[in-house]
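Below you will find one chain, with nothing else, as structure tokens; this is the form predicted on its own, and questions on how it binds or moves follow later.
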């Protein structure tokens, strides 16, 4: 299970496959996830509120999507010798072309996504570590 840190409408997703390799996923890897829990965007405001809330949810519970791992709870060592460990596992949902589904990210992301070529995700992130 990993937290979804974008505003695509998903809150928690479960990894079902790591693409192009036969090992566990690391920061920057592309994975296939199933959306387990939707994010609620608060109470509806006014008669037109339900339209905007449903439009904000770009994904539904049970959807199968591609994602990129941006944080892992497992410790890993960088080539410079520093060891990095995050509090949780987190991912960002992407479409088949590799573009993020959401338009904002909340929370920090690992620096390894720069070397893997996910510069669009890095530009949306408020901070990278």
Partner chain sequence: MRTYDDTFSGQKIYPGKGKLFVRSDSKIFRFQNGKTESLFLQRKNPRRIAWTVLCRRQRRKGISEEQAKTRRRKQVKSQRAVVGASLDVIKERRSMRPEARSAARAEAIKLGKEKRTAAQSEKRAEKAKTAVKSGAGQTTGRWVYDDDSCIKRALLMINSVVGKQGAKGSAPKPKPTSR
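Everything quoted here is computed from the prediction, not taken from an experiment. Numbering follows the first chain given and starts at 1.
Unshown form predicted together with its partner chain; subsequent notes refer to it.
Residue heavy atoms within 4.5 Å of its partner chain in the predicted complex occur in exactly one stretch of 76-84, 93-101, 23-31, 60-68, and that stretch is 76-84.
Residue contact with its partner chain in the predicted complex: residue 127 places a heavy atom within 4.5 Å of it.
None of the heavy atoms of residue 18 is located within 4.5 Å of its partner chain in the predicted complex.
Its partner chain is not drawn, but in the predicted complex it has a heavy atom within 4.5 Å of residue 108.
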